[in-house]
Structures are given as C-alpha cells and as structure tokens.
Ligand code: CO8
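Take a look at this single chain, the form predicted on its own, given in structure tokens.
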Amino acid sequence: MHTPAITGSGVFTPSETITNAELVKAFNNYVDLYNAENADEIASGTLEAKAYSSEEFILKSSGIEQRYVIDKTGILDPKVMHPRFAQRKDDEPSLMAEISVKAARQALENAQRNVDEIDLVICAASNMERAYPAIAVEMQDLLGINGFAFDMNVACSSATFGIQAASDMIRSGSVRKALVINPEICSAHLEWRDRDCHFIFGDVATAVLLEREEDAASSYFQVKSTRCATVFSNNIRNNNGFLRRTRPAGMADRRDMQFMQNGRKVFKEVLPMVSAHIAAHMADEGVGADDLKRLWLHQANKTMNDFIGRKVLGRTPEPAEQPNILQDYANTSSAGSIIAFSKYSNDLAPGDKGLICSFGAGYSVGSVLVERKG
C-alpha cells in the first residue's frame, strides 16, 4: 500500500468579472422588459410580476460581491440573460478542456512534474459539455498524457470524490500520479432570470496533482484519509439532458432545464449532514478540533460555511482558519474548496492538519483530511 499526497494545485480564473452592481442593473432591466411584455396578464392576476433584485439582497443572502465569468456580454444583456459561446468545430478543443489544461499546467508546474509522468486524468465537475467522448480523455490528449482518463459527476462534491478515487488508486498501486481537474462553467447552467439564484455562480477551473508520497519532489500535503457520503434529494436539481427531445415539450424554454434549488430545505438538511460527516471523519481519525489548523470548505454561501465552521471547531473560526473566496469567485460548484485550498495552504507548517470539504446536490458530501509535510 502506498500513501497518496497532494503535491500541486492550480486555478484558472477567467478575465471577465461581473460585480453585484452590474448584475443588479441588468436583472432589473430584464424585469422591466418582462413586466411590460406581460402587463395584461399581470393586471388580470393570471401572472405574477417579477420583483427587482438589489446589491443588499445579494450580499446578505450569500456574501458574494462579484463573480468571474467566461462571457459577460450575454449575461448582462436583458434580452439574452445567458453567456454566449461560439460554436466550436469537432477538431477544436472544447471550452471545458481548454480551461482545464490551463489549471492542470499550473498544478504540474507547482508540483515540479512533467506530463509524461502522469498516469491518470479525472475530469470531476458538476456538468459536462457533452455526453461523449469523455472530456477527461480530451484533456489527456491536449496535455500529451499517457495512461487513462474518465469523467465523473457528483455535482458540487465532484472534486473531493475525485480526490478519493485518485487516492484509492494510488494506495492500491494501480497509478503513481493523477490529475484531478474541475472545470466549472457554472454561468451556463444558471438561470440568470431568477431573482432567488441569479447571483450565485461563477466560472473557474481548478486542478490538483496527487502522487505517491515517496515520489514528492518538495513540500506536500499527505492525504491521511478521505470520506464520501450521498443521500438522494430533489432539492437541488437540473433536468436537462440528452433525453430532453424525446419528451413532450422537451425543447421548451423550461425553468427546470437550468439550476434549481429549494434553498430553505437545503440549508435545513445539508448543514447537519455536513457537520456530522466532518465530525465523524475527524473522530475516526483521532483528530480533535484543536488539531485542525484549516478548513477549506465548499464555497456556496457564507452563512453555511460559518455554521459548519462553528460546529466543527466548537467556536467561531478565525478568518485564517476558514478562508472564504466566494466574495470574489461566487459559488464555483466543485472547484470552490480547491480554490480556497490552493490560495490558502502555503503558510501551513509541517505537521499542520487541514480538511477539504465539498457538498451539494445529491445530497453529497466529501471530505479529505490532509497534513503538511516537508
């Protein structure tokens, strides 16, 4: 048996940002258009008028101040309200693979590794650009990696589930080095016309390199233990898919073809599940609250993270103990905890322990307990 280690990480951040002020202006312009176009139905009571959003509402609800996106022009156009990406030919790189390669190369450089040393590529993300061929195999080809690759989707928990899958293969000896990549083009599955969620997501790609501990070139994080859990729930759902055209009205502009959630039920049900999951994982590994130097949590909502931090540590965490990045990136699905890990881990000293945790639709939760070495 071999011990897995995280030896490198990378984050690709798009160049375009949307502030809350920009988003609110576009959304409220859309509301004006919608209410005017449906004035008769609204007046008769057969249709409900849409309400304005506000910067204060967004910040209070989420803690988000801005988000990075690949295309902002379509999102901010009140007559479009979604990103617009150019159609690519089959012999061109897909958008997901393109941004993934940028994050992967950062992770390789960070770990002082070359592509010819990698055995495995996992594309772990909440949505795939196509059903097949696997995005991971395309990434593998673009990077020039031998070995094998596959896609996996556990929604917002995909990154930690991917780390567990790679770690298990390293432990067993079936691979020596693996890239787990999380390309999240969340702007494409968000319903920007829905006041309750139009501010939630942003775009990004992250990557981590895992390898056998004895192969690590410099300082690294030993993966001490991983744990995953799932419980089925419809409270976070997206009904889009390849069967859509086979069903009545399948091609309609239906609300359920984008991200949907029952936020209140998610808060009520996910928070206890995640807190108990982390507590049990730590207890089984003999790690107490005082032993944990850092929590890198899924960046969905500041209130959720604050609640989990208090439950896990038994007190209000210091900002450095539980770093948040969602104020800048918004919710980036599976990539959020990896952004936090990549940006806020270098200061830990040898022997310091931390925990990466992501959670979301499924319901799903994954946790990775690590210790700084070297």
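Since the model is a prediction, treat every value here as computed from it, not as a measurement. The first residue of the sequence shown is number 1, and the count goes up from there.
What comes next is about the form predicted together with this ligand, which does not appear here.
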**Message:** When the contact criterion is heavy atoms within 4.5 Å, does V266 count as touching this ligand in the predicted bound form?
**Reply:** yes
**Asked** Taking the shortest heavy atom distance, is S61 within 4.5 Å of this ligand in the predicted bound form?
**Response** yes
**Message:** Is it the case that F57, even though its partner is missing from this view, gets within 4.5 Å of this ligand in the predicted bound form, heavy atoms only?
**Reply:** yes
**Prompt:** Counting only non-hydrogen atoms and a 4.5 angstroms cut-off, does V365 reach this ligand in the predicted bound form?
**Reply:** no
**Message:** Taking this ligand in the predicted bound form, would W296, L348 and E371 all count as contacting it (heavy atom within 4.5 Å)?
**Reply:** no
**Message:** Just to confirm, with a 4.5 Å cut-off on non-hydrogen atoms, which of R176, H277, K72, R195 contacts this ligand in the predicted bound form?
**Reply:** R195
**Asked** Which residue among A216, M304, M128, L142 has a heavy atom within 4.5 angstroms of this ligand in the predicted bound form?
**Response** M304
**Request:** Name the stretch: of 105-113, 254-262, 92-100, 207-215, exactly one has residues whose heavy atoms fall within 4.5 Å of this ligand in the predicted bound form.
**Result:** 254-262
**Request:** Using the arrangement in the predicted bound form, list in sequence order the residues of 347-373 with any heavy atom within 4.5 angstroms of this ligand.
**Result:** G360, A361
